[in-house]
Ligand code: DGI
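Quick setup: one chain, the form predicted on its own, written in structure tokens, and binding and motion questions come after.
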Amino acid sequence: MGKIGIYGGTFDPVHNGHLYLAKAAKEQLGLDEIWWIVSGNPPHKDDAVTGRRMRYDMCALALAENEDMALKDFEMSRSTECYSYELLEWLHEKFPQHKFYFIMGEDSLDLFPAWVHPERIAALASLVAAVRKESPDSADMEQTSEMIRSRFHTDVYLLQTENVPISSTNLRESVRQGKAIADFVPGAVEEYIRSHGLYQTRDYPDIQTIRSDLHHRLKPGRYRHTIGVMETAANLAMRYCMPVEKLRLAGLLHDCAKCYDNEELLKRCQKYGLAITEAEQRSPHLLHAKVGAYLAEHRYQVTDPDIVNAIRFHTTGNPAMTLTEQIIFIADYIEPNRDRARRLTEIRQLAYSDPDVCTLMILEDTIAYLKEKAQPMDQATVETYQYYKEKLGKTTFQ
């Protein structure tokens, strides 16, 4: 039997206060491990939250050096709302050997009787709540905990904690205002927020205007493909709780430089100061991604770096792609007008269930095709393939 702390939440974003509370619970209660569970679609949240995959990734970064903290993906594949009692019932069925301790913030204990089926939660786990040392509310917390013990016949533990004045709501607002948050989140989480452009108010250019412009610039077949990628990216965005407008824009612009022939692509790379790899020198058509990223930023006024990078890497891939980059990479391969890839049906199915495996399969088939046709291969494709193969711990899917 293990003593397992269950720490669930939106974590949008995860911050040092979350880590402090989890560590306090482990130390004061002698828990063997803390299981962090990122809420999928929190039923009590009215406001839109960041996509669950991105919140999960931030937690993974925050917990990377904490061996006694385990990030679990129990809710990652759920498309419906999940309540705490449902999660605990599933955990008890799956792990009957463990004793569970349900960790919550101090504000949650007062509200606990109004939760959905609190009696089921109390029957399946001990409750753990933080109380600030020397807080004027500590006496009230003691009374509340005693009421819950008596009413629900469960153990309630109050953690003695320092005041850590950090909230995810305030952090999101700080990012929107351009304020530094380095003192409040792990460094890797801060970098993730910055590189993904999270929590910033984006004024995206008008999609219809861009669509009309590309309709005139691109050949009919290329334009059909572009619209197919845009629509597929939107579908995947909804599947993974990502901003639909953002992914539609990235899909629409991914091939915006396909109106240029190879000679023109080379000229524009020189004009824009874009580096050219050996593989791109031998196969200049690959340059449409780099030139397209430049045009998205400078012609179409796209300010979101995540969109620009998704366009830049949509052909070759990139190690440790963001979910936006992966969606465009995948959408470019599986959109409805594509019909020649040998495992296309299987890859299309995986796109909606496991983007990492889907990405690896696309890379495998792309590399096999390039070798068969004796075509040059960009080093970025090889490095991306190696990254996802090592990440998944699999040698091949062929």
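The first residue of the sequence shown is number 1, and the count goes up from there. This one's a predicted model, so the numbers in the text were calculated from it and none came from an experiment.
The form predicted in complex with the named molecule exists for this protein as well; it is not shown, and the discussion that follows is about that form.
Among 160-168, 260-268, 221-229, 193-201, the region lying within 4.5 Å of the named molecule in the predicted complex by heavy atom distance: Residues of 221-229 come within 4.5 Å of the partner.
Contact residue in the predicted complex, from R120, K72, H98, H285 (heavy atom within 4.5 Å of the named molecule): Among R120, K72, H98, H285, a heavy atom within 4.5 Å of the named molecule in the predicted complex occurs only for H285.
is_contact(D57, the named molecule) in the predicted complex, heavy atom dist at most 4.5 Å: Because no heavy atom of D57 falls inside 4.5 Å of the named molecule in the predicted complex, the answer is no.
Residue contact check: T381 to the named molecule in the predicted complex, 4.5 Å heavy atom: Taking the distances in the predicted complex, the answer for T381 is yes, it comes within 4.5 Å of the named molecule.
Touches the named molecule in the predicted complex: T144 (any heavy atom, 4.5 Å): Contact check for T144: no, nothing within 4.5 Å of the named molecule in the predicted complex.
Interface membership of D255, the named molecule in the predicted complex, 4.5 Å heavy atom rule: Flag for D255 set to yes.
Sequence-ordered list of residues in 362-382 near the named molecule in the predicted complex, where near means a heavy atom within 4.5 Å: Result: T366, Y369, L370, Q375, P376, M377, D378, T381.
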